[in-house]
Structure formats: structure tokens, C-alpha cells
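What follows is a single chain, given as C-alpha cells, in the form predicted on its own.
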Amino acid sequence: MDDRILLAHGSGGKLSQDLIRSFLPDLANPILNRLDDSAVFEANGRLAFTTDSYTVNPIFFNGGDIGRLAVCGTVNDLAMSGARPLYLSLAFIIEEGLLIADLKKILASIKEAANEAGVKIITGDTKVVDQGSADKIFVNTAGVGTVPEGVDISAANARPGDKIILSGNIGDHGIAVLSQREGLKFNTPVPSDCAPLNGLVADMLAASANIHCLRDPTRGGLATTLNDFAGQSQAGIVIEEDKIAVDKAVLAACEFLGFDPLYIANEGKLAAAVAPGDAEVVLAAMKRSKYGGGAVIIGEVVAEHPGQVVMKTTLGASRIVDIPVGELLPRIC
């Protein structure tokens, strides 16, 4: 059984210590290497702090896995407040019987994603539960970052006249995970868009300080994100359907399954509300950035119909884009 996780790995004894120390070659840094009960570090100015849990099923999918997802998701939550992500915590809840080889793959993905995002994992925890008490592995994270002086980004800050910018095509992550889970085969496989967006946000902020709202449209998709902007800002939003890019394979899958791409999860895209005078310069900066090449202005904030999102369809009509009542695709992140 030395190739699988045992309950004894969570007992706090030698096997626990051996397992935790086996993480260090992948995640080593001077703060984590101390293996103290809490991490001590220095930070100046305003801080952003976030926490999240990841229960995606399956744990490996086209374009990523639960490890990459956990790092990118936490980094992106910090970045959406304009913060520069610095440090992450990482806690595993592992089901007895998980292959050690699978855990090592996840750790390798975590290391790669953390290096790409420029963050350090400085503390963590590991628990092992009985078979049937979890689903292979769950990951909990927390993240800390610094917020530059003068940055004030919130879903409540949208103002009439602001342009709504989307960083790229939507729906990739949700369809990638669903197709893997259900064994669906498409002529063109759909990879997840899972990616750290802090570099993209840094490029946007370097171009303009007049970015009012940022959000990565994960669960609930772009529709929920835009409704958050409209509801919290008590402003209206109008978007144009023909400006919103959807990959052909994603669109075909949504049509086959009866889904609307506006409600499908993304893990490497962002939506922004930007002051009208700065929208074009921000858009240009996004297009030069690694994860913003497909950026486009899809609409604007208006004074009419506060709290509602309206989409002008390709047929020339208008429809209200509401928030979904439930979750279309559970266990997507």
C-alpha cells in the first residue's frame, strides 16, 4: 500500500511527517521550509485576503487539474481586487486510497502554476479521511496580496458610461470539465482556460487607474458576474451578443446539451468596467498581455434599468440576462 494514501498518513505521526516533507521539493521556500504552525512574513500597505475550496470532479481534466485550479482560482480572486498576489496557504483533505502518483502530479501542477503567477505557498495542512468520506481529494486555499495605493476596484463601483470589457471567449472550463466527467467526445477537444490572471490585471492597471470593476466569471458564468456589477452598483448594463466570443466546439456542446454559454464557468477570463475615456488604452494593454489577446468591449454601463443586464441579440431584439436560480454544472471548481 506504499503507492496509496492511508489513514495513518493523517494521524500526525511519522507517516504524516513523511508525507508533508515529501511536498517540500515541489513547494520549497524559506517561509514554508520552517514547517511552523503559522507563517510569519512582512507586508506593507493595504492587504487583500481571500479563501476558497476546490472540489472539482474529475480531479484531472483537459487543460488542468485540481492543483492548477486551486492556485489560479485563488490568485485570480486576489487579482480581481487589484491586488498583487504574494502568498498562498494550501490544505489537502485526502481520501484514503488516493494514488501517491496522482498526488505528485497535482503537486507538480501546483508548483508550475505558483511559479507562473509569481506566488509562494508558505503554509498548509493535510488531513486524511476514510474511503467514501470525500472524493479523492479536496483542496482549501487562502491567499494574501498587497493592494497598490489609489486602486479601488469593487463590483459596486460601476458608473454609467463605463465600458464593459471581456478578456476572451467564454465557457471553455465548464465544458472541458463536463465533457471529461460525462465521457463526451467532440471533434475538437475543449481544453480548460484555467490560468492566473494577475499579470493581465497588472498590465491593465499600468495602463489606467480608472478600472472600476473586475471579476473572473467562474460559477454562474459571465451572466452572474455582470448581474453582480449591475446589482451592487445599482446601474444598468447593456451588452451585445455578437461581441461575445464562444469557441465553436463550446457553442456546439451548449446547443447539444441545452446550455447558454453566458452561464458556463470560466477559470481564465475576466470582465471589467472601465471609465469610457480609458477603455481603449486598457483594451490595447490587454491585447498585448498573455491572457488578454481576445479582449473586446462587449457593452456599457447605463443609467436605465438599474440592477438589470440587457443583451442586444444578433436578431435585433433585446432580452434580460438574469441570474441562474441554481447551479448548471456542479463540482466545476
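Throughout, we count residues from 1 along the sequence that is shown. What you see is a predicted model; the values in this text were computed from it and never measured.
Just so it is clear, the following notes concern the form predicted in complex with another copy of the chain, a form of the same protein that is not shown.
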item	value
Residue contact check: Thr188 to another copy of the chain in the predicted bound form, 4.5 Å heavy atom	no
Proximity of Ala195 to another copy of the chain in the predicted bound form, heavy atoms at 4.5 Å	no
Heavy atom of Ala142 within 4.5 Å of another copy of the chain in the predicted bound form	yes
Ser133, heavy atom within 4.5 angstroms of another copy of the chain in the predicted bound form	yes
One residue of Ala176, Leu90, Leu166, Ala114 in contact with another copy of the chain, assessed in the predicted bound form (non-hydrogen atom, 4.5 angstroms)	Leu90
Contact assignment for another copy of the chain in the predicted bound form, among Ala202, Ala252, Val147, Leu107, heavy atom within 4.5 Å	Val147
Another copy of the chain in the predicted bound form reached by all of Asp37, Thr51 and Gly124, non-hydrogen atom within 4.5 Å	yes
Segment assignment from 43 to 51, 22 to 30, 298 to 306, 275 to 283: heavy atom within 4.5 Å of another copy of the chain in the predicted bound form	43 to 51
Stretch 143 to 180: residues contacting another copy of the chain in the predicted bound form, 4.5 Å heavy atom cut-off	Gly143, Val144, Val147, Asp152, Ile153, Ser154, Ala155
